[in-house]
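The chain below stands alone, shown as structure tokens; this is the form predicted alone.
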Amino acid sequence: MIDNFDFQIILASLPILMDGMGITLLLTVIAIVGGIVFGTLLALMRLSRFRVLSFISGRYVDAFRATPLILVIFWFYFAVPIVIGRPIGGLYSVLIAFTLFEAAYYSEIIRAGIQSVTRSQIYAGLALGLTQGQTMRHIILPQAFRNMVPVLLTQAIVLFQDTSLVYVVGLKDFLTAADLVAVRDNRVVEMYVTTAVVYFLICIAGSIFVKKLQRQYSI
């Protein structure tokens, strides 16, 4: 099998693979940013003294964490066009699906991070004359995000792997691009080995970075 391994087909397919990786990275970055922003809002709602806000946030998190991601992608791919009355395309539908889905997971990470900050920090902020909102924004959240950076990055690695599910709506991400080349040129081994190596290298690099951060923050 090694003797028949064609490295030339990999080099010739680099433009297609790079285009696919562009879609994968775009989806990953937007889902991370959107998920953290919306997840922070959900976490604050969950910790709110207003029971209605806490209830809504809790049920949102429970619903998305109990639903497979591939099903969420199907929901937004087929349901959103029906609601707005026009198609929005595979890219926008998966961006919405990934962002809302990841927000549920980031919400729990952020909530745990906020609760890891001692209440004495809140009292100190209030004693300085800050409002609760200012205390949360300037004192609690910066410390909370510092504590949860390794966990947020770990979730980002999982998200990067999950982007391969976009094939169900016809998006040409990195894995789908490799699959198309494999079928077109009948070079399945070369394409899937390349894909596996690329995913492995990116994920292992991310894992090493996370472990480094964990050691640094534990000091």
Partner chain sequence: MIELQNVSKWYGEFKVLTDCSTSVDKGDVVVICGPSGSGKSTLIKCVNGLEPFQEGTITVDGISVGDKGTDLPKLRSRIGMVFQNFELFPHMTVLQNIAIAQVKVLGRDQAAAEERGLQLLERVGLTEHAQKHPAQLSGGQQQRVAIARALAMDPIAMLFDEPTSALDPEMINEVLDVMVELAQEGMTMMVVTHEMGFARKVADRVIFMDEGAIVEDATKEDFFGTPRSDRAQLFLSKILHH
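Numbering follows the first chain given and starts at 1. Computed from a predicted structure; not experimentally measured.
Omitted here: the form predicted together with its partner chain. The next part is about that form.
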- Message: Quick check on residue 81: any heavy atom within 4.5 Å of its partner chain in the predicted bound form?
- Response: no
- Query: For residue 118, is any heavy atom within 4.5 Å of its partner chain in the predicted bound form, or not?
  - Reply: yes
- For residue 149, is any heavy atom within 4.5 Å of its partner chain in the predicted bound form, or not? no
- Should residue 138 be classed as touching its partner chain in the predicted bound form when contacts are defined as heavy atoms within 4.5 Å? yes
- Task: Select, from the options 127 to 135, 105 to 113, 92 to 100, 72 to 80, the stretch whose residues sit within 4.5 angstroms of its partner chain in the predicted bound form by heavy atom distance.
- Result: 127 to 135
